[in-house]
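Below you'll find only one chain, the form predicted alone, shown as structure tokens.
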Amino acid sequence: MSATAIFSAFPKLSEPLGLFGGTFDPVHYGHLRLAEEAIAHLGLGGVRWIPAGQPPHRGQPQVTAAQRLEMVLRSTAKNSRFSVDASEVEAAAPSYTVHTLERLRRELGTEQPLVLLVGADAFAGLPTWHRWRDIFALAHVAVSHRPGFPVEACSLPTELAAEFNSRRLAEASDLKISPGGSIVTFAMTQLAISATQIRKLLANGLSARYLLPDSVLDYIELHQLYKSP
């Protein structure tokens, strides 16, 4: 299925559009809950999921990009506010966020507010990303964190702390005023679930049920994914 076929039914929005990238190796309830709460906390019109094809910051995942894409499609199929973008999976190049944002700007225009969703740990590593400063010219950045553990400038690298202090919004409702350039934070329900944990359980022949949707687990079992050799 082509990328266009996957999200062609997803309209342009007057509300901010959330962008959620990752390896999703595999996708689980922590990912789904983050996207759902981002819509509520940030006033998003929807969230577009963007599975990475060739993630540049980690080794190649154990399963194929097409399989990870299929798991995301299965997990998001019943939520009308979720769409899936397959472009990074279909591209024969590393999945750099700034390149994806540039493509989306060409697709959606310069006025659509875009909000890149990241976790607090990923945000702290933003200065290691390819052309990271250019991201702010293309989108807002929304950082999720554990309740009671807010993101603070003093915990960030110096160059990122300066951007955080100058771009931070007090109100998430202000995201719709401009197409990008700001940083907002929000607390999300903490679910102690990780893809690493799930892969270890499956590799050891243990159950991962209730950590990820049944549709995804059924796909994993059907194709014997994450099993030890």
Ligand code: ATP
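Here the rigid core means the biggest group of C-alpha atoms that line up within 1.5 Å when the two forms are laid on top of each other. Not measured: the values here are computed from a predicted model. Start at 1 with the first residue shown and count on from there.
Keep in mind that the form predicted together with adenosine-5'-triphosphate is missing from the display, and what follows is about it.
Looking at adenosine-5'-triphosphate in the predicted bound form, residues V118, L191 and R199 each place a heavy atom within 4.5 Å of it. The single contact residue among I183, A172, A195, I39, judged by any heavy atom lying within 4.5 Å of adenosine-5'-triphosphate in the predicted bound form, is A195.
A122 is the sole member of A77, A153, A93, A122 with a non-hydrogen atom within 4.5 Å of adenosine-5'-triphosphate in the predicted bound form. With adenosine-5'-triphosphate omitted here, the record of contacts in the predicted bound form names 26 to 34 of 156 to 164, 40 to 48, 172 to 180, 26 to 34, defined by a heavy atom within 4.5 Å. Contact check for P213: every heavy atom lies farther than 4.5 Å from adenosine-5'-triphosphate in the predicted bound form. Residue contact with adenosine-5'-triphosphate in the predicted bound form: R105 places no heavy atom within 4.5 Å of it. For T97, no non-hydrogen atom is located within 4.5 Å of adenosine-5'-triphosphate in the predicted bound form, even though that partner is not displayed. Contact check for R81: no non-hydrogen atom falls within 4.5 Å of adenosine-5'-triphosphate in the predicted bound form.
If you fit the rigid core between this form and the one not shown, you'll see the Cα of R146 move by 2 angstroms or more. In the predicted bound form, the Cα-Cα separation between H41 and G148 grows by 3 Å or more relative to the displayed conformation. Annotation: R199/R146 CA-CA distance shorter in the predicted bound form than in the displayed model, change of at least 3 Å.
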